[in-house]
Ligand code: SAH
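The form predicted alone is given below as one chain in structure tokens.
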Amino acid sequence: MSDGPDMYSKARALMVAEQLERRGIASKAVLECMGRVPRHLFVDESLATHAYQDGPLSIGHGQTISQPYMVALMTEALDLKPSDRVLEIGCGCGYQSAVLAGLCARVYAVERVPALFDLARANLMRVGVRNVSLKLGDGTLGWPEEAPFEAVLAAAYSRSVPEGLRDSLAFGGRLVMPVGDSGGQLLVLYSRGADGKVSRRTLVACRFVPLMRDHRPSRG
């Protein structure tokens, strides 16, 4: 994966130390991966100098690139293995996809906004990430042709886990997504045991954009 100028390398290191480690992100793999992924290349050039600040940034179309800490928290919660296949819903500019791709075998990312689908594809190619498959379509349906997945990450909220995502999760798999409404959400980790039973653990209060159904036909 390509790296940026030294000023951004230092900014990434500071982000990892102050925003992630200091707040309790303990996974060495996640910390190292986020120390490598050039976040500034996933935002508009005018926002590049703000890319490693502690907060979300606009990527247009009413969407944002999530706060670095939230990206790290959701990724760590999935407890990824190198052999895992991950379903990502709402890939936006592709930054979260790149982080996941650095930790697993393959990411299957679904985006409903055509312009963001194209942006994510261009950004991932630009930084040399090759193990992400992209699909334009309704994220609530998951990606049935490639299911099941060892992990599922949704970067948009719903009142409950859509059936398409729940059915996408393999036995022994983990799913993380914000659950709630426009008044506020909780980031929740769902774990499916080997017996098929699902347990739920609340991680933190959060605020995301809504997971909306899209009726446009999908294209890979």
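What you see is a predicted model, and the numbers here were worked out from it, not measured in a lab. Sequential numbering from 1, following the sequence displayed.
Note that the form predicted together with the ligand isn't included here; everything after this is about it.
Of the listed positions (Leu203, Val209, Ala13, Val198), a single one reaches within 4.5 angstroms of the ligand by any non-hydrogen atom in the predicted complex, namely Val209. Though the ligand is absent from this view, in the predicted complex it lies within 4.5 Å of a heavy atom of just one residue from Val127, Ala77, Cys104, Val113, which is Val113. Using a 4.5 angstroms limit between non-hydrogen atoms, Ser27 is distant from the ligand in the predicted complex. Using a 4.5 Å cutoff between non-hydrogen atoms, Tyr95 counts as a contact of the ligand in the predicted complex.
The closest heavy atom approach of Ile89 to the ligand in the predicted complex falls within 4.5 Å. Proximity of Gln185 to the ligand in the predicted complex: non-hydrogen atoms within 4.5 Å are absent; the residue sits far from the partner.
Checking 29-37, 47-55, 174-182, 60-68 against the ligand in the predicted complex, the stretch whose residues place heavy atoms within 4.5 Å of it is 60-68.
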